[in-house]
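Form predicted on its own, single chain, as C-alpha cells, below.
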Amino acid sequence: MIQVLDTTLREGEQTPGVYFDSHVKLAIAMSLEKVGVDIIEAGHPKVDPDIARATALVASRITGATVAAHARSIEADVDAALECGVGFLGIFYCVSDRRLAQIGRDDLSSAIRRIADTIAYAKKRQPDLIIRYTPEDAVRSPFDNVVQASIAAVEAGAEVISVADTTGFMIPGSDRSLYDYVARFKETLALSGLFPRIAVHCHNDRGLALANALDGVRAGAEIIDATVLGLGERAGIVDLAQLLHALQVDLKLGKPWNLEALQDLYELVSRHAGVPVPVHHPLMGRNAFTHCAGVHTHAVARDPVHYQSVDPAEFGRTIGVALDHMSGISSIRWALDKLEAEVDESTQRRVLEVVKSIGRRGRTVSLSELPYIISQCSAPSEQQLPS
C-alpha cells in the first residue's frame, strides 16, 4: 500500500519567510486529515519551543493520520519529539564521505554507531514508535555507505528507510535514475534479509521531483513525501495535489484520497504562508481548467476531452473560458449560456470585438463585467439580460 507523508508543517516551513502559528498548524493538519493524508510530519520539535508546542497540539488532536516529528541523530532531539506524543519519528544523518569529513567530523563507523544508538534509544523509550532513518543526500553518497548505515538502522529498530534526493540531483531515464537506485537498494537490503519500507523524499531543484517520486514508486517505494504547493527548501519538493492525483487516478495506487478537499487546503496554506497559488499551477491553479483560444473553446464546448486530460470534477471544479483577445464567438456564446442571456448574433459579434479590444490591453473580461459590455453593444429592444 502506497502512503503519502505530508511535510508542509516541517519541510514547508523551511521555505524562506514561511511560518505557521500553532493554531494555523492545527487547522492545516485538520485539513490534511480531511484530504486523507496518511502521515503528517508536524515539525522538528528541538528546533524551537513553539514548534514543539505546535507538534504536541497536532499530535493530541489528529486521529485520522499518523503524526510524525523530525530529529537529528541526537538523544535530546528524540526526547523532544517523543514528549510531543508523536507516533512516527524521522531520524536523519548524512553518510557521504564529504559531509562526514567537513561537517560531521565523524568517520563512517562512528556515524553508523551514532545512528544505530539513537534509533535503539528511541525504540527503547517508545517500543510502538515507527522510526524512519534518512541517509540525507543518499543518492550522491557512496552507495555502500548508505547500505551499511541503513542495515544498522533497520537492525536497531527502524522500519522505514528514506532515499533522499536532497538536492534534486536525479533525472529519470538517465544514469541518475531514482528507479534504478531504489530497485538496487531494495535488492541489496534483501540480500541481508532486510525488508524495510522504502520512502522517497525528492527535491525539485530541476523541476523533476514528481517524476522522480513516481520513478521511486515504480521501483517499489511505499511512502512518498510531499507538501502543499511543493513548499520547502530552495525550489521545494513534490507537490501534494499532483502526487495524489497521479497515484489515485493514473496509477490506481494508495487509498482513495479526498481530492475535492484539496482546494480548501491549498487556499488555507497559501493564505497563511503568504505564497500565492500560481495561476498556471497544475490542478490547483486558477487557469488549470480555463480555456482561452477560440479553437479550444469551440471544441471544449462540445466535448472537454478534446483539450483536457484531467476531469476538473475530481477536484470539485468546473471548466472555464477566458474572455480576451484570443476569444472567438464560441467563447462569447459559452459566457452567454452561463449568464442565461439571450443576445442576437450581430450583438454577439460586437461584444466579441469589445472583448478582444480589452484583451489586447492585457486584461480578461469576467462574467460579472460582461453584462455591461452587452448593454453597451445592444439596443434596449435587442437584449434580454437576467434580472
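Residues carry their position along the shown sequence, with the first being 1. These numbers come from a predicted model, not from an experiment.
Keep in mind the form predicted in complex with a small molecule is missing from the figure; the text below concerns it.
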item: Single option in 297, 227, 134, 204 placed near the small molecule in the predicted complex, where near means a heavy atom within 4.5 Å; value: 134
item: Exercise: residue 378 in contact with the small molecule in the predicted complex, heavy atom 4.5 Å; value: no
item: Heavy atom of residue 217 within 4.5 Å of the small molecule in the predicted complex; value: no
item: Close approach of residue 25 to the small molecule in the predicted complex, 4.5 Å, heavy atom; value: no
item: Close approach of residue 164 to the small molecule in the predicted complex, 4.5 Å, heavy atom; value: yes
item: Answer range among 195-203, 111-119, 269-277, 297-305 for contact with the small molecule, defined in the predicted complex as heavy atoms within 4.5 Å; value: 195-203
